[in-house]
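In the block that follows, a single chain appears as structure tokens, in the form predicted on its own.
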């Protein structure tokens, strides 16, 4: 066996780990007004926020009695889209229903 030199340079290889963070969550709230019918709010909750009829009714009553109700918690882009959809549907129907978003 002839003169063999080691094939390593002595450097230590490191693996970089990338930590993935969950996206920030945002609450989507429906806000009470004196003109939007309760049935319309229930319909919005069932169609846009995919709530069951009983859950939609519960949230609608929370909006009616407490001034606002939690429609759902989503990533920022999804929450923005849901707020815009609620406002657009309400305007098309001639109602002043508003939705807002806040950090969860």
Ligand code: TYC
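Fair warning: this is a prediction, and the values are worked out from it, not measured in the lab. Residue numbers count along the first chain shown, from 1.
Another form exists, predicted in complex with the named molecule; not displayed. Remarks below refer to it.
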Contact between residue 75 and the named molecule in the predicted bound form at 4.5 Å, heavy atoms?
-> no
Do residue 58 and the named molecule come within 4.5 Å of each other in the predicted bound form, heavy atoms counted?
-> no
Does the 4.5 Å heavy atom contact test between residue 53 and the named molecule in the predicted bound form come out positive?
-> no
Given that the partner is absent here, does residue 48 sit within 4.5 Å of the named molecule in the predicted bound form, heavy atoms only?
-> no
So, 28, 83 and 102: all three within 4.5 Å of the named molecule in the predicted bound form by heavy atoms, or not?
-> no
Mind listing which residues of 43-72 have a heavy atom within 4.5 Å of the named molecule in the predicted bound form?
-> 60, 63, 64
